[in-house]
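Provided below as structure tokens are two forms of one protein chain, presented individually as structure 1 and structure 2.
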Structure 1
Amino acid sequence: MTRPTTTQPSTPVAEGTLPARPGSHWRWAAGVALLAAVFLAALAAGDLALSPSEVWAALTGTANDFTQTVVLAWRLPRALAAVAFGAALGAAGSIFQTLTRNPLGSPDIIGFNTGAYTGVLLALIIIPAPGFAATATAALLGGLAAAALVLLFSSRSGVGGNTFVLAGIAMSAALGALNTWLVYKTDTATATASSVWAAGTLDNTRWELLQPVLGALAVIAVATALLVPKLRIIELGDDLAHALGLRVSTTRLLLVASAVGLTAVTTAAAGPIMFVALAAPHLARATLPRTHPTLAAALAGALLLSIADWLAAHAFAPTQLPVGAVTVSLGGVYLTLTILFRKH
């Protein structure tokens, strides 16, 4: 695969808005086609064997009730969740990596997920058998609180510097220790329930739970899309961005808020799905045109999570894996290969 060459001598993540290379559109088309194929495969595959024609009949509303239930009520929301959550995580990762100018700057490592886990653990300890709404709210509050603290600690030097990443790592470590202690102190039923959440999963995704989540993601996605062009200006450097009339600090904070929002909603709904935010921007750079890095990362994230969830459900069927375990494995293999074969 030929890589589009860039003349920018900057960090690996800092990319400018490059003019579209003639003939690179097929990469977008291929990416979207692959995503559609994985999506359809997700609707077709399962322990309940359905023929492609039965799946089609279910989608067009002419199948029997039971086939309709399996395809439309069970498989479709899960497949959609994988696409939407993967895209959200991929976009969030791209924003974080660009802002921090650090290829490791992802919401995974700045304390968001550990904070969300703290929230869920506290909820499980306080509320007996909390429902989806309570767990999701707790994850949201915990994650946002951790992110707010990290921002506060790094407020002097700003999001752009290493302080932000370091504060995030420190926060992750501190909350990680707190979580370990909470799991250790609590009873086994709570520990089991929380470990299930912490694995990250799309099992049992249902429309009634998914609809508000997709709605929230759509709102944040629109806001993010409006902000992303300014991200390209910030990439050029603060001085230049100032000179171009951008209110750098405010814009940066809004971008962080939108990336945290995308991660927060996804994590609240599905648990911490690690590595997608970290790996998707790298995958996008290697395979997709660099004209729209955030969009490319979203597409790569959607693909990554869809494939990972398909593997989680079917690779070892009937044994099921949590999708979080698969994303970590896939992402880990990908990054290791990237490092091994990197051109110096």
Structure 2
Amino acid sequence: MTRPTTTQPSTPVAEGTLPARPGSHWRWAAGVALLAAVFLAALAAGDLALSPSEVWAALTGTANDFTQTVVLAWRLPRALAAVAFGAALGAAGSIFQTLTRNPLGSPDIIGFNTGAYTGVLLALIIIPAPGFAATATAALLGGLAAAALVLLFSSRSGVGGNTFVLAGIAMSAALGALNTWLVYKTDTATATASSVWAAGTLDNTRWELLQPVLGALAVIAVATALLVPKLRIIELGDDLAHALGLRVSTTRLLLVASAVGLTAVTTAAAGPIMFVALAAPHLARATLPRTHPTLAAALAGALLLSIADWLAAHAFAPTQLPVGAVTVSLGGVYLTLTILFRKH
């Protein structure tokens, strides 16, 4: 007679304490090295092509004044924005996909970006010639309002389920219809301005705009880093998380708030950059170690947006494309190949 066996729940392991597999350090190093190479390429490329030694001289303050102006004042803000915004979107996508247990859980899908576009459209219609602060504030409020409505509609089933994603898709569709109606009813100048913002671009990134944005992202990133270790406990299930003393609902709402905050600040500064939050976690799982999934998604997002921005600025020179158009193309190709060649 065979003795029945019982399965003991595994001990929850906080993110960052999983044993590293052989070769994982090399993959981290390769990812960081590739990001550094793309970052330096962004500083070197342009109408005035610079060598790596000239870029390094500008960064260390030993180049001539004109070269330092080109690198430090003109190109460095945009390159830094691509890294920071991509990392923020990648981390936000990883948190959403973990909480919803759905690979489609991202700000792109749940209506946040569409809500931000609604806010900008209303600002352009109501306020004559709004500046950056008014546009960014409107995008922030629109995105937060959309996220709050999705949370309200899915409150009965909670964030960790398909209802949250379905509510987000429904909200995105409804706001998309509203945006189309607003564009149709407004004048040509307003419709053009809103379309340019909705494409997502880093063309107008300057230090005076970037510095407060980086400060806000740094504060939210620190708060997110403190919350992320609890994600693995929530992954074990609500009952076990409660048994371990975790305040599941409060922790889940704080994680959602941090992911929304990362997305909101980025969207307010650069417009809705699609597919980075959705594709970065998938890219991280395929190429980087899984011991730190949120950090890996942040690295993948930074790399994805930096490459996309370089392509948008230089691949079709002298014509420059909105980086949002390139991220959609890269993300679409990657996900299509993933679906075609997946084994299971």
Partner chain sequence: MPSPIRRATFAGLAALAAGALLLTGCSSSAAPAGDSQSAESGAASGAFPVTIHNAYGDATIDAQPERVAALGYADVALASALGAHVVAAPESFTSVAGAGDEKNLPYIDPLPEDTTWLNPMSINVEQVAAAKPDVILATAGFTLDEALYAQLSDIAPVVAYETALYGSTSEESALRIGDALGKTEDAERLITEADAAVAAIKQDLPGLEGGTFLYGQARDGVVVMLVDEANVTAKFMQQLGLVALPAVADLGGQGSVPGAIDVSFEQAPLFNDAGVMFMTFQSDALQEKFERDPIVSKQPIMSERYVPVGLEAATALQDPNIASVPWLLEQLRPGLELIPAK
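FYI, numbering is relative to structure 1, first residue = 1. Just so it is clear, the model here is predicted, and its values are computed rather than measured. Throughout, rigid core stands for the largest set of C-alpha atoms superposing within 1.5 Å between the two forms.
Inset, instruction - Kindly point out the structure, among the two, that is the form predicted alone. - result: Of the two, structure 2 is the form predicted alone.
Inset, instruction - Superpose the two forms on the rigid core, then give the C-alpha shift of F66 between structure 1 and structure 2 in Å. - result: For F66, the alpha-carbon shift amounts to 3.1 Å.
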